[in-house]
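The chain below stands alone and is given in structure tokens; this is the form predicted alone.
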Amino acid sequence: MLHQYNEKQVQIIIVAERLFAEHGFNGASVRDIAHGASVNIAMISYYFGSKEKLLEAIFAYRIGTTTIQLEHLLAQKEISTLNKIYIMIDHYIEKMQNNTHFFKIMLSEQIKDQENKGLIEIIFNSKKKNFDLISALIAEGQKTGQFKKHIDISLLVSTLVGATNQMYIGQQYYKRLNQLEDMPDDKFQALFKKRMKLYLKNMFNAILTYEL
């Protein structure tokens, strides 16, 4: 079950997310977070207990938005399963582009020694929930004969996450390789997002369907 955060908690989460991304977990103090969120330190302690628990809340909140999207897609009967997959890809890319602070934290935490056992469980349980929902989407497509049998869903999800992360990290190289350095950043971001979506949709179409 997803945790429901109230408006003040979300406000604190968003400020903490930005500060953790900019200064690192150890570099951002609870005092700085409280000041940025216009609350007192006691309120952060009341809502989250500790800075470590606040970090866990950031992950639960952000990953949970994908869970909500996937549950909504599964409930839609008038949309083809392939189009649901395309919507999922759109959601993930939009989420990455609109939540760069979170993805900086995600990348940072993934290369650490993973001492925060609570965070490890939050991430695993959230990803497992999303994995189960994507598995249900794939099963829906297989039942209708639209998708191939014997899809390795773990690798499929890793393809989406890994490819999108690498595209995001390497976008400056993409810009230089394609001689787009002079393009205004807002136009480049729109073009880059469009190309990422098209590329991943074509890839998933090749992996999942019988279309040639």
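Position 1 is the first residue in the sequence shown; the rest follow in order. For clarity, every value in this text was computed on a predicted model and none was experimentally measured. Throughout, rigid core stands for the largest set of C-alpha atoms superposing within 1.5 Å between the two forms.
Just so you know, the form predicted together with the DNA exists too; it's not on screen, but the next bit is about it.
The chain is drawn here without the DNA; in the model of the complex, the stretch among 139-147, 170-178, 37-45, 153-161 whose residues come within 4.5 Å of it by any heavy atom is 37-45. Though the DNA is absent from this view, in the model of the complex it lies within 4.5 Å of a heavy atom of just one residue from 28, 57, 70, 63, which is 28. Contact annotation: residue 49 falls within 4.5 Å of the DNA in the model of the complex, judged by heavy atom distances. Superposition on the rigid core between this form and the one not shown places the CA atom of residue 29 2 Å or more away from its counterpart. Core-superposed comparison between this form and the one not shown: CA of residue 192 displaced by less than 2 Å. Look at residue 27 and residue 170: in the model of the complex their Cα atoms come 3 Å or more closer than in this form. A change of 3 Å or more separates the two forms for residue 170 and residue 23: their C-alpha atoms lie closer together in the model of the complex.
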